[in-house]
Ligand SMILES: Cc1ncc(C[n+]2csc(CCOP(=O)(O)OP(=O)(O)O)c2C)c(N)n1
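The chain below stands alone and is given in structure tokens; this is the form predicted alone.
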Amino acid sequence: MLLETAVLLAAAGLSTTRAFVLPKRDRSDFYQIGTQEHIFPYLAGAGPYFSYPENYGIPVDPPKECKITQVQLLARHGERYPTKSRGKKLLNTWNTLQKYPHEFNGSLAFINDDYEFFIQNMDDLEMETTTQNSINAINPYTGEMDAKKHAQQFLAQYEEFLEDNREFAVFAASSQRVHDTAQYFIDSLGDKFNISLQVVSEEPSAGANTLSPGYSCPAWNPDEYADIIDAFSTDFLKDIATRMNKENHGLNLTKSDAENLFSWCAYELNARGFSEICNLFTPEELIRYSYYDDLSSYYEDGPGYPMIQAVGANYLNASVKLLKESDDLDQKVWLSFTHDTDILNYLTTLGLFDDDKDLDPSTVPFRNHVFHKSWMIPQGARVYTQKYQCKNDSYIRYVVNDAVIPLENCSDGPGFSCEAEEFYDYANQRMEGQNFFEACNTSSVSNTTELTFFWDWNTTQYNATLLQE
């Protein structure tokens, strides 16, 4: 296991020195790293990256008789610490535990053993987890390592295509962690490439010319369908708190504390590589928590909120335009980094995970459950658009988190792809009547009506101020 970790660190271009100089607690964690990856899909997209679970077995490389003509990537920033607001909630729960005047019993007994809270520096909130700010020298799940490993996988898969495409721009939303992910990715590609990092503003004043259109959408009301979300039973959270309180008389954890424990588990994995908090939950509780998050995202940021299709059309329209112009554009590689919600909005408009069946708050569905938010946008999520040519025809398909996801009604092409003209018709139908600028009342914050940075970056040079949020 030690050798395995060292190899992973070296492969990502990171120093392995710290991995062999381990404080006592790191030695204990060392044997537990890798034992919790089975719960990553249940952590609401807050935990470390994992490949899409329902892989149909379709090779991610194009069929042998075909050649790539354009590659697009829309990726999420890598593993991070909590946001400031979420960090405050976790600290409140940690303070409740710290004030408990007795030794802990049962599932919380690990706290007695010199447990250290994973947030040790408030300046780390909102930030990517790295080899420098990770609290465990052997943590393999940092955002830094994820981005560098992703870059190496990108090189390996598109090596032949990249031989003739060594100069291109990379686009990043102006959040510090998004920028850092893009920079780590670029650094890991090596010095054979001439890459320009363009930082695109996510301030509301950017209007439509952004990778984060939600910030330029004053009309967006995430509470629009709160009544549906609230109809889902959260008794499982009360049960968790009750269980901890029974084991530790006088502790008085609340439902809110129980919900915070799930986030604590996810973010501690990002910062430490292992979390004893994650062991507090039963499989049933993880399933219920995961569906609760699916339900919330579906009606706040996904197909359950009609406005979202207009928000996601902002990027999809630009993506389709790049695909149509691929023969005329010098740049064939289009790599962009942003936030989870922005990717979810785009996937909603694309319809890749929309079966036209609204999620039901009355029960957890199993047989008919296509919308798994955490499967689509974990930390480090990556959505590739492949355009390739087979003989005289062009085809388009999507690879989401290492899995080819065919379009349900357009997958007759090689490698379960969609013939280009058929795809353009499909995309036009998905975007018909969807006007981001109008639907979002964006004119109240900006007069920029179009996404242009893909086409004018060479003359405009995007270098927006980085935001630590």
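Computed from a predicted model, the values in this text were never measured in an experiment. We number the residues from 1 along the sequence you see.
There is another form of this protein, the form predicted together with the named molecule, and it is not shown here; the text below is about that form.
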Could you tell me which stretch in 255-263, 163-171, 340-348, 140-148 has residues with non-hydrogen atoms within 4.5 Å of the named molecule in the predicted bound form? 340-348
Kindly indicate whether 83, 177 and 220 are, all three, within 4.5 angstroms of the named molecule in the predicted bound form, using heavy atoms. yes
Within 4.5 Å of the named molecule in the predicted bound form, heavy atoms considered, which of 303, 207, 214, 273? 214
Heavy atom within 4.5 Å of the named molecule in the predicted bound form - the one residue of 311, 316, 244, 383 that qualifies: 311
Which residues in 58-79 have a heavy atom within 4.5 Å of the named molecule in the predicted bound form? 76, 77
